[in-house]
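Only one chain is given next, in structure tokens, and it is the form predicted alone.
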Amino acid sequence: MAKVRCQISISLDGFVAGPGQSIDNPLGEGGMQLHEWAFELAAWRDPHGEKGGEVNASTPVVEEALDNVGASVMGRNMFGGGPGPWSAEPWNGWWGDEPPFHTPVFVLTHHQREPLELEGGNVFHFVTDGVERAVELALEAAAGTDVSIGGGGETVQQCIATGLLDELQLHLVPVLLHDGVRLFENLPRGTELELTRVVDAPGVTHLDYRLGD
């Protein structure tokens, strides 16, 4: 059965991005530290068109996270382009000419935009009627494979709060950001997470959770 799942890096004090996010600094101050554990991995570099890289305890975790994903959902901040209506010649996002997804991606936005097709089977669809509709469309596009919730923090929160998320994988990084975007805010009381696996790796601890019914 297809699952809706999310994997996201988080600081020890609960932030998935630092303060001062902007078009020039999308992860905020200090936010890049949350992802440094992955950048040198061959399992991360290969989908991004880069050669070489390390193999360590994080390798199978990353490979599993990328496996069996048929579509993705992300918020507009993760796609890029800034807030407000799209410009006459809208930016194509942070991901370059050939993004690493290679599947349909559904972008949450308040402003309509025609689908954007890039190289490598990447098609971005812009959804203006909420996260539940975006996940519904993604499940249809995935055709029996899983849907990945790519972020950012608010999108993940919405998926948890509405009961859409089946599995959550946190990449816990030993840094303190002190401010920024918290992951576990705006969630209803009674939200349950069941820890199913812990993997200790260089610079990060991977925590897998199953969401309660």
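Note that residue numbering follows the sequence shown and begins at 1. Keep in mind the model is a prediction, meaning the values are calculated, not measured.
The same protein also exists as the form predicted together with another copy of the chain; that form is not shown, yet it is the one meant from here on.
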item: The unique member of Gly144, Gly52, Pro174, Gly49 whose heavy atoms fall within 4.5 Å of another copy of the chain in the predicted complex; value: Pro174
item: Contact residue in the predicted complex, chosen from Ala43, Leu34, Leu170, Leu27 - any heavy atom within 4.5 Å of another copy of the chain; value: Leu170
item: All of Arg182, Leu187 and Leu207 with a heavy atom within 4.5 Å of another copy of the chain in the predicted complex; value: yes
item: Distance check, Ser22 to another copy of the chain in the predicted complex, heavy atom within 4.5 Å; value: no
item: Interface residues of 11 to 28 toward another copy of the chain, as seen in the predicted complex [heavy atoms, 4.5 Å]; value: Leu12, Asp13
